[in-house]
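Listed next as structure tokens is one chain, alone, in the form predicted alone.
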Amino acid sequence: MFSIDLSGKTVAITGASQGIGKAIAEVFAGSKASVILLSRNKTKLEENATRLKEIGINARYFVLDVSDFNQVQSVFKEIGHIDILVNNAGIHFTSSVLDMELNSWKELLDINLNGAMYCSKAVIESMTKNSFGRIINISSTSGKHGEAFSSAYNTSKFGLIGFTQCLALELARHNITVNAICPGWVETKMALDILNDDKYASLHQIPKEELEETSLQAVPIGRFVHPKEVGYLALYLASEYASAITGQSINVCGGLCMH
């Protein structure tokens, strides 16, 4: 019977306070892995870790701003060895390039792209010494095609796919795989915020009350993705069954994107 048991493995998940990150943590908890929750939101981290401990999971949390390289180095040193890293932390905002605030552009790239590199850099040496590792980057279908008024977010997700491919080639000989997951519309607070954003509606010239339905019509399966469906793919990519899969960018989008 097909099952995934990660007993004895430690997985660290960034952006684990809510949404996709929280769901990934819950899915990995079901595999008996030790779970490390990382985020800037201490209150939600503590709540999530407590919930996992109540069901018998070895769960710890650390407050972490992935855009701060020195903080990443310090926190990962405190954590110790990590077998599986899921780079999930990310933010989004809507803006035309003309009206783009440079600080907003920089902040988004620092979190969505640089943060993934900082965290990966922090675990590579230990993974290499152990001749095993899994690095899973949560990109997006937005990293595979352009979208108006989302240049910062799309740029970060395109970059994350490129980083995934380069790192996969560097680490393949060490039995370390590096893959990206590319969700489409997912039932999360981030998606809900976008679909309730007056600026997003105005720039795309769609009445705000029609945003969700318009977005839903573009998804062939007729619904948004559940966060745990992203988690299930992450769990598979972390398992022995996916040991020959590396450098890939796999969509979980209900057919929204097919390349």
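For every residue, the number given is its place in the sequence shown, counted from 1. Model, not experiment: these values are computed from the prediction.
What comes next is about the form predicted in complex with a small molecule, which is not displayed.
In short, of 52 to 60, 28 to 36, 208 to 216, 188 to 196 it is 188 to 196 that has heavy atoms within 4.5 Å of the small molecule in the model of the complex.
Using a 4.5 Å cut-off to the small molecule in the model of the complex, not one of 83, 123 and 134 places a heavy atom inside that distance. Though the small molecule is absent from this view, in the model of the complex it lies within 4.5 Å of a heavy atom of just one residue from 111, 75, 161, 168, which is 111. A residue is said to contact a partner when one of its heavy atoms sits within 4.5 Å of a partner heavy atom; residue 153 meets this definition for the small molecule in the model of the complex. Not displayed here, the small molecule is approached by residue 20 to within 4.5 Å at the level of heavy atoms in the model of the complex. At the 4.5 Å threshold, heavy atoms of residue 64 reach the small molecule in the model of the complex. For residue 79, no non-hydrogen atom is located within 4.5 Å of the small molecule in the model of the complex, even though that partner is not displayed.
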